[in-house]
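We begin with a single chain expressed as structure tokens, specifically the form predicted alone.
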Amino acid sequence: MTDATGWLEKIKALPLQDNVRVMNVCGGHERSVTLSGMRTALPDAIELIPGPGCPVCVCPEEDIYQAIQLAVEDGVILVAFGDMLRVPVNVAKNSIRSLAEARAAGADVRPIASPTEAREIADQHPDRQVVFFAAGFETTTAPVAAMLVEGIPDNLSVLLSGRLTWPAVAMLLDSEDAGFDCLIAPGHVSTVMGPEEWAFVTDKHGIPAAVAGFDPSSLLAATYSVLRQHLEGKTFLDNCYQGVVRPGGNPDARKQLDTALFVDKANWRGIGEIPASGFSIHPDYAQHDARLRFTDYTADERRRAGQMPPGCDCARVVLGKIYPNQCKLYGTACTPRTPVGPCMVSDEGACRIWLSSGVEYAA
């Protein structure tokens, strides 16, 4: 197996003439690319673009607002993956704008790392209503589905904000300017759903694509593959994460998703509504659907097409239209300690990754 150095040498030997834009879909990929210094190691003709692979970044603000109100107004125990606690929403000045602020104001908001913890908290508090605000892509949504199928306490509900990864890329490719020439597809998502989900990139659009893992060797192997496809004009979906990603994905995980959830249109913050891109809870499990069990606080005026806070360019960062450090708020008004937009919150958010790695604002 070729190591990272070997793949880098192979890439440098390619006869690249023009600039080639390579988008990575996954926030985990972007973290590995940035922390490893891959951008500076590759030839100047290769442009690595972070894409829409941060579930925290695209979680619609009406869902976050709903979670905040359930914690503050309905007095539930609200549990969520840690990154979600700090994502801000657009509200009037001096209003609670995040789950972290709701917690500081006295609401019972708790960060968790897995669905198992949500069940445990519900078991420990049988006299309280517990709501699990579950935002994520296929990789984290599959365990939520499994939890529902296996059975959960009567006092536990799920506020689901799950998304599929590929529809956002399909939307970009169907637009007039996709903004990239090659694609690095996410390894963990492909582990669950199978690499075949990404075949539309090569088959329908003729764009080189490769599935990659998260170590530099796998990422560089995938980069070499798509660049060689680009040069030779022969596109195919390459699997550069074969030790983990298998044809068909994980049959058990996919069965759990199909049993407990169904796919429907969904709103993406900063992007808008995308057909067949979100998971909803199946009617058979409606008794655990927080959207049906509790008051709906998301009035029509809050259901905006992914509006970001004033001056925030997270929408264009998510779509790969600008680099994180091209946002005017980057590193000044917007930092990991004081985030304005969602891309500065999560460890998978490109803005946070870049700023934490020392990338300065590009004036």
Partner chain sequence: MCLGIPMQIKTIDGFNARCEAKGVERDVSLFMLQHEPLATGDFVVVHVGYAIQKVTAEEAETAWQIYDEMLAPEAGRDA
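Positions refer to the first chain, counted from 1. Just so we're clear, the structure is a prediction, and the values are computed from it rather than from any experiment.
One more form of this protein should be noted, the form predicted in complex with its partner chain, which is absent from this view; the next part is about it.
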Quiz item: Would Ser114 count as touching its partner chain in the model of the complex under a 4.5 Å heavy atom rule?
Solution: yes
Quiz item: With a 4.5 Å heavy atom cut-off, would you call Phe137 a contact of its partner chain in the model of the complex?
Solution: yes
Self-check item: Exercise: His205 in contact with its partner chain in the model of the complex, heavy atom 4.5 Å
Solution: no
Quiz item: Any chance Arg31 has a heavy atom within 4.5 Å of its partner chain in the model of the complex?
Solution: yes
Practice problem: With its partner chain left out of view, choose which of Arg228, Arg119, Arg110, Arg293 has a non-hydrogen atom within 4.5 angstroms of it in the model of the complex. | Solution: Arg119
Practice problem: Please pick, from Ala253, Ala266, Met171, Ala102, the one residue with any non-hydrogen atom lying within 4.5 angstroms of its partner chain in the model of the complex. | Solution: Ala253
Exercise. Heavy atoms, 4.5 Å, its partner chain in the model of the complex: which of 177 to 185, 129 to 137, 92 to 100, 276 to 284 makes the cut? Say which one.
Key: 129 to 137
Quiz item: in the model of the complex, which residues of 136 to 151 put a heavy atom within 4.5 Å of its partner chain?
Solution: Phe137, Thr139, Thr140, Ala142, Pro143, Ala146, Met147, Val149, Glu150
